[in-house]
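Here's a solo chain for you in structure tokens, the form predicted on its own.
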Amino acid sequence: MNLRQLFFQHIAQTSQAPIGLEMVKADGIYIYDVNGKKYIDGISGFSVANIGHSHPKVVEAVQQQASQYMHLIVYGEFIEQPQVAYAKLLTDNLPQSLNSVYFTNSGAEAVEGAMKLAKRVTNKSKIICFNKSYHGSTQGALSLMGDEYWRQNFRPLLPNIFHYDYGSQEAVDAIDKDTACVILEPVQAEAGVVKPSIEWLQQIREKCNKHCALMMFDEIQTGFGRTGSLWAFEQFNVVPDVLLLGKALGGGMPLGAFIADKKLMDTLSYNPVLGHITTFGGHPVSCAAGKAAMEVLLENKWIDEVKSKEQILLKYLHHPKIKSIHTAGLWAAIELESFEVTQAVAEKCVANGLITDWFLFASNSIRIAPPLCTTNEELKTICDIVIKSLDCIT
């Protein structure tokens, strides 16, 4: 059997039609298949490769840490330099109240830990979340999932979770004395890059303060410069009580985190002890990679260039088949007529050397989210491929 046959036989499938390309190399914004064909990674491995693939400083950090030690003991027992150093770098670049980091294996596990933290801190269980939101696929995160299509076959899920329309006054009004937390994305990702109003987020902040509920921002996709600031919440003059990170956090390695004030986080250490525990969370190699990637991001001017690069997308992505385009920094949802058209265009893009995809709750929209290091000329090439692919669709 060849590798493709073995892939379908032995790797559990997540869909009936995976992209199915056999990749052998990734460098910068490009990935290469077994036949030597080069593709632009137009989605950054789903917002993981914000600084591009295989950056030399990240590779060096991985190799150096792997040569010293990898897994030692369950998370939180030994003092491990990569964890401490990365937590310090993160908190140095966050508001003062976000000063304690709990590293996890993934963004979904960060969501799970944060939900427990909210219940532990507030002694309440009501959670408010939003339609067309995505926070992960584990049981707790799935309970927050903002679409019944994805939840329906896995019930029963967690109780006392309430979904409201993103941006609605109804959601603000629902925050009351029984609310443990409100969890939301400062830009809704899988809804097709939907931005809220500053006023709405500030209203939620005020209601959470009034009723001693935690405001949680899921920046698993929006973090690390994607929207034009290091953290998306900086553009809204609102500071969350808990920040959720993942994807780009690990610089290409698996890593998630939830971050809060130490006096909140300390509640997970007693009554019961080990209130949240993970074996591989904060893996030292992942932390070393993530720290190196964040240092690369901070040392370069890519975040400062995001807004001008956003304008390139808006300037060149024009076609009769494009109904609208929603952007938030170097991140776009190109709305087409239907999922069938979107799927056909995505396939043409791949054939033309551009990796793209659609959105979970906006399946009629093409996703564009290349690495932040993508040059202006490379962005124009991405736009050209999208337009060329649209031209091929009848």
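We number the residues from 1 along the sequence you see. Note that the structure is a prediction, hence the values are computed from the model and not measured.
Although it is not shown, the form predicted in complex with a small molecule is what the next lines describe.
Contact with the small molecule in the model of the complex, judged as any non-hydrogen atom within 4.5 angstroms, is confined among 219-227, 235-243, 270-278, 69-77 to 219-227.
Though the partner is left out of this view, Lys247 does reach within 4.5 Å of the small molecule in the model of the complex, counting heavy atoms only. The closest heavy atom approach of Gly107 to the small molecule in the model of the complex falls within 4.5 Å. Among residues of the shown chain, Gly136 is one whose heavy atoms approach the small molecule to within 4.5 Å in the model of the complex.
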